[in-house]
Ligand code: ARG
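Here's a solo chain for you in structure tokens, the form predicted alone.
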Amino acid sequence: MTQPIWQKSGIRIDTRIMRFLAGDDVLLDREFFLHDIAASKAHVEGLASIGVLSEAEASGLKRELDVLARDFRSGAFVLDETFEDGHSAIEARLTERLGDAGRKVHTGRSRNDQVLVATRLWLKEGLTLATARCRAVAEVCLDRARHESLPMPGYTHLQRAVVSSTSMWFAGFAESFIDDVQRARDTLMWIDANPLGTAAGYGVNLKLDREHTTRALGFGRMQINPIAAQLARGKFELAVLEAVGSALLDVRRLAWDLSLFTTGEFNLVSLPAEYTTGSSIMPNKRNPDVVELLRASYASVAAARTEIEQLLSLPSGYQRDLQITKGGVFRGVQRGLAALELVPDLLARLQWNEAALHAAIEPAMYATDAAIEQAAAGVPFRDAYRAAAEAAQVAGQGRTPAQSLAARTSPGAHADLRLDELQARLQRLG
């Protein structure tokens, strides 16, 4: 490992302690490295605007930062255990190429606000992707709800309950994922604050051009107080995990439905072949492994949330414990985004087994319809309920699934799905 940028003369470096301190930080920093470079460019411009760097120095630094970004993307520069972390790697590269100008780049900046701003930019990017992927799920669900409608059993307590439809099933998940789009957008607006220039949490004796870095990095506002910037670390990560987790809770329930519906006992749905795998021993098997791993994906988010929550029992100001937040938020968000990416195509291509859907509808599933019809005709509902319960097994006489669904006129139910309202809401979310 190169000498730490904080190394002072007369203090021996213990390699075992350094390995413990660094942990997997430098490997995780690969994910945040390009954001760190972008923030460094903005910081250089800000230093030039207040005369700390000359125009020539700033021009050279920005040029070398662009070269470093290209080299990192191409693999010509590898961020590895040679460096303590990504921040020191940037400074070492600039110093190697530009000498004193490289040694000036850290003026007015701490690794604390460096990691804050790089992570903040990464979190914004993750929320933007989550928003787009939740939107894609909602769009597929709305499309299938609009263009395809088959009667299917509606379940409560995993028991056949009433007549439902594939349109209602898709519309239910459409609205849920529209809610997830809303939550991701609201969270993005909340965290869209620039911490660069808060240094180690107490500001510096330079009139840093924080307005410039806020604009240059595309933040919606400046995070003003340096102590508040440190207090936000971990809290903002939790907010992002909660937004992603909200969507994954819907994915989990969706995956549970598909796990049940694809069993031989239900046989209501067939999955695209690519979303299944074979057994290593049983030649007859096709397993819904993708659906099962979608169902499991929330666990990674929940684990990350727990890890970060446990870290945040801290006083104000920076504490090294906060280094651990990077691994948790990275694993949770990446797992969530990977799961969300697969859902739209899965939903677009799954096939309903129409014969099995019809066969699963039993006469007793019309009993609720019969009770409500009698109540609407003036019979007290409890009397109508008891009569329908006693005659449940013949409640379907003279009834069809289509008739039951056509009569389901309460807002949001099959005969009044209000898909246009849902579509309009999704469009308003931008």
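Worth saying up front: this structure is predicted, and the values here are computed from it rather than measured. Don't overthink the numbering: it's just position in the shown sequence, from 1.
What comes next is about the form predicted together with the ligand, which is not displayed.
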query	finding
Non-hydrogen atom within 4.5 Å of the ligand in the predicted bound form for each of 160, 169 and 408	no
The ligand contact at residue 147 in the predicted bound form, heavy atom, 4.5 Å	no
Close approach of residue 115 to the ligand in the predicted bound form, 4.5 Å, heavy atom	yes
Contact label in the predicted bound form: residue 109 to the ligand, heavy atom within 4.5 Å	no
The ligand contact in the predicted bound form: residue 298, any heavy atom under 4.5 Å	no
Heavy atom within 4.5 Å of the ligand in the predicted bound form - the one residue of 323, 182, 270, 259 that qualifies	323
Partner-contacting position among 236, 173, 318, 83 - heavy atom within 4.5 Å of the ligand in the predicted bound form	318
Proximity to the ligand in the predicted bound form (heavy atom, within 4.5 Å), stretch among 275 to 283, 345 to 353, 323 to 331, 261 to 269	323 to 331
